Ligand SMILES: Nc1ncnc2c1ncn2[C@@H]1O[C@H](COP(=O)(O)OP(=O)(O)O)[C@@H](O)[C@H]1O
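Starting off, we have a lone chain in the form predicted on its own, written out as C-alpha cells.
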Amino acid sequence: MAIEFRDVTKYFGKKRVLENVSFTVEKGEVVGYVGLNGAGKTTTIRIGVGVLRPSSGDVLVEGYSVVREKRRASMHIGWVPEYPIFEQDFKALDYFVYLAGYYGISGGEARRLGRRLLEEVGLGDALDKKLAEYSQGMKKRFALAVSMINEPENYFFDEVLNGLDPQGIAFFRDLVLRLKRKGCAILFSSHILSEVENLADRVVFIHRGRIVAVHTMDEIKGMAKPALRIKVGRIDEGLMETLKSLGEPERKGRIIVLRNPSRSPDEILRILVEKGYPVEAMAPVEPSLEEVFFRIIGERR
C-alpha cells in the first residue's frame, strides 16, 4: 500500500482527539474521509503529512515513516490543507518558484513549471498578482498547483472543496481522476458527501477520534434503504396514512420520499390512484452516502 496509518493516537494535553486510527490507501485508489466537525479528520491528515507528531503510532508513506524518516516520506507527499497559508506579499509565480527551490528545482525550470501548473489550475491570468489579492478559492487552486511541484505519488486533501466555486470543484474532480489514472494514492476529507460519493472508491468513517467503519462505495450503495420519490398533486393526512402502511414516508414540499417500500412501484401507484390521489411522477431514489453516513454515526451515538 502507498499510505498506511498504524494505530495513530493523538492527545492535545489531556484531551484525546485520535485513538488507534488505522487504515490504508492503495495505489490508484481514492479514499474519502468523512466525519462530523471535530471528529479528527484534519488532525489525522496533519499527522499523515508530518506536520503533527502522533502521541503514539505511525504513518508509512511509500514505506517511509513520517515519524522517523520525515524528510524521505515528505518527498512522496502532496498536501493541500483546509486553509492554505502563504506569504501574502509575494506574487504568485515568484512564490511558486521560491517553494520549488525546496525540491532542488532551479529558477528557470521552476518558473516554467509554475506557469504550466498555475495555468492548469486556472490561475494563468493571475501569475503576477500578490497572494494577498487572491480569494480563498484562488488560494486553494494555488495550493493544488504547489502540491504537484515534485509530482508525488500520494496526495492528502483536507476539505479542499471549501471555498471553491463550481468551476473549481469540477477542476478538482477532474484532477483527482487524472491522478488516480496515474496510479497515485489519494486521501481526501470533505463534508460535501455528494462529491465523496462521486470520487471515492472507499470511504473511511471517523467519529469522536475513532474509525467506526470502512466501506467500498458498492457496499455503501447496498446498505442504503431502497426508496421512491413520489410527486402527488394533493397531500393530506389520508395520503400520509396510506403511505405509512406502504413504507416510511418523508415529506419534502410537494415531494414524498418513501423509504423501504413494502410493495412494488406499480402496486403503490395503483393503490394511490384508487384512493383518489393524482400521482404526477414516481421514480426510484439512488442510494446515498449521506443516508449511510448518518446511520453509522447515529448508531455510534
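Predicted, not measured: the structure shown is a model, and the values here were computed from it. Residue positions are given as counts along the sequence shown, with the first one as 1.
The same protein also has a form predicted in complex with the named molecule, omitted here; what follows describes it.
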{"query": "Options 29 to 37, 57 to 65, 236 to 244, 253 to 261; stretch whose heavy atom lies within 4.5 Å of the named molecule in the predicted bound form", "finding": "29 to 37"}
{"query": "Non-hydrogen atom contact M282 with the named molecule in the predicted bound form at 4.5 angstroms", "finding": "no"}
{"query": "Partner contact for E195 in the predicted bound form: the named molecule, 4.5 angstroms, heavy atom", "finding": "no"}
{"query": "E153, heavy atom within 4.5 angstroms of the named molecule in the predicted bound form", "finding": "no"}
{"query": "Sequence-ordered list of residues in 8 to 43 near the named molecule in the predicted bound form, where near means a heavy atom within 4.5 Å", "finding": "F12, K15, V17, L36, N37, G38, A39, G40, K41, T42, T43"}
